[in-house]
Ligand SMILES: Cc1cc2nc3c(=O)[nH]c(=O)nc-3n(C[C@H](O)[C@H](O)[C@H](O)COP(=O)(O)OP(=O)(O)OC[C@H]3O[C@@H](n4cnc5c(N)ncnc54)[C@H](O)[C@@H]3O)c2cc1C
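A single chain, nothing else alongside it, follows as structure tokens in the form predicted alone.
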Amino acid sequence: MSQYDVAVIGSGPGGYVAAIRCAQLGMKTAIIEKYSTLGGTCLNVGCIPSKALLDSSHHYEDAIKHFDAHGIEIPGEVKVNLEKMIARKQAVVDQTTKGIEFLMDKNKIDVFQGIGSFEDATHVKISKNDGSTEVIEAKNSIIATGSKPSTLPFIKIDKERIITSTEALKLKEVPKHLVVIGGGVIGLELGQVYKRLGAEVTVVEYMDRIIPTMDASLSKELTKVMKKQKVKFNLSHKVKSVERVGDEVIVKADDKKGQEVEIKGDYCLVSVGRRPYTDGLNAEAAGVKIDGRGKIEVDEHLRTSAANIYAIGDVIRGAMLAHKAEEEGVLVAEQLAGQQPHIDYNLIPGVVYTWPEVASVGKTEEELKEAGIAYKTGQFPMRALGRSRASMDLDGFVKILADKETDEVLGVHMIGARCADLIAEAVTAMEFRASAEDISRMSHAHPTFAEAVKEAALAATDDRALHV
């Protein structure tokens, strides 16, 4: 029987990063993955493939809508080759997952393919695809099994017309009318992909706004922009049935007045969140407790109810974000090595990769009001930037929330071009407890989108933005 210092179950961003850090710190490490490729949901059917399709569809939209304004003339009709686009997406996925294989080999991490399940707190059985099994012994284990798409109890996902994000990444045709149930990150990103490619898109959301966990100003601005892009929104609608009739999908929902609304499309993307995935783990055999919502219970050190078993990422409390899982994987590895790492969960940024991109870190205005914290606001529109005019990316703004008394930055919320990258400046500043004035006095290159961050900081500092 092979013996290890650490066994990691699951090879997504949390799992493989945890394994690498454990190996770097001198621990003999094994990683167990159910599927034939490493990388988990994020690399295979989540973050990476969706961004590949977002980029490809963005290029197409630019070609048909914006190239002429730039003086670029394309003879003939610009067409979408969806099969080729999907193939490029898969090539990106393959290259990325092979990179994880290389990292496992480089760090001398043993990779086991199969379903990992606990026999007890120190023994993990691996059930392989060929029917054979193998048991390994591990002093410590890290559960990083991630999540799966959620659905509603009355919806039958047929993976053909009524689909999840997994199937939406490999459609063989552009839908005529894609109905998206759920106005969160995944539904909006994939909805925008197919809208750009020519589909009619209708988003049905139970809450009164899209991206409801982010600052309300971001929800309002993204709704306005996507409506300009001809995406339809049915907000405050409670879906009550989804039925497929041949190649047609009929969605019925009640609006906020209780009146029934019927929406017909040829595809329906069910995008109502994700659930922790612990199937087959046999957690109870190891003494690992799972709460009523399916999440593994952990303490502040991410230790489960079994003293030598930890859990990270989507299977525990908190946002289901790849980068959050990575930070947790490093934290557990360093704790096992006797170090004292720390994660500030308030400074884990959230991003929506639509165009314009949406990004946020820290407290929202709603949270500050609820907590009774006195704050001031500085906001700057992207359209006031020379860089935005040069690239024709005029939508959006940067908003900085700072403590009214101390000027410490409490939250940064932005929507616009490259905000997924710009948010890192805000995270860095807040990690060092910067004030709005600190940011306002930093030199920002001109012309850049990042100047909006400086200007918003100036606006939060005695309302002295320079370019509005």
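All figures in this text were calculated on a predicted structure; none of them were measured in a lab. The first residue of the shown sequence is 1; numbering continues from there.
The next section is about a form of this same protein that is not shown, the form predicted in complex with the ligand.
Visitor: Taking the ligand in the predicted bound form as the reference, which of V93, M320, I343, L82 has a non-hydrogen atom within 4.5 Å?
Guide: None of the other options qualify; the answer is M320.
Visitor: Please identify the residue among A30, L53, C42, A402 with any heavy atom within 4.5 Å of the ligand in the predicted bound form.
Guide: Exactly one residue meets the criterion: C42.
Visitor: Does G287 reach the ligand in the predicted bound form, with heavy atoms at most 4.5 Å apart?
Guide: Taking the distances in the predicted bound form, the answer for G287 is no, it never comes within 4.5 Å of the ligand.
Visitor: With heavy atoms only and a cut-off of 4.5 Å, decide whether G46 touches the ligand in the predicted bound form.
Guide: G46 belongs to the contact set for the ligand.
Visitor: I'd like to know whether I163 contacts the ligand in the predicted bound form, with contact meaning heavy atoms within 4.5 angstroms.
Guide: Because no heavy atom of I163 falls inside 4.5 Å of the ligand in the predicted bound form, the answer is no.
Visitor: Spell out, yes or no, whether the shortest heavy atom distance between I9 and the ligand in the predicted bound form is within 4.5 Å.
Guide: I9 belongs to the contact set for the ligand.
Visitor: Non-hydrogen atoms within 4.5 angstroms of the ligand in the predicted bound form: do G14, I115 and T145 all have one?
Guide: Yes, the whole candidate spot contacts the ligand.
Visitor: Counting any heavy atom within 4.5 Å as contact, can you tell me which stretch out of 209 to 217, 254 to 262, 175 to 183, 275 to 283 lines the ligand in the predicted bound form?
Guide: Heavy atoms within 4.5 Å of the ligand in the predicted bound form occur in 275 to 283.
Visitor: Considering only 441 to 468, what residues come within 4.5 Å of the ligand in the predicted bound form, judged by heavy atoms?
Guide: None of them.
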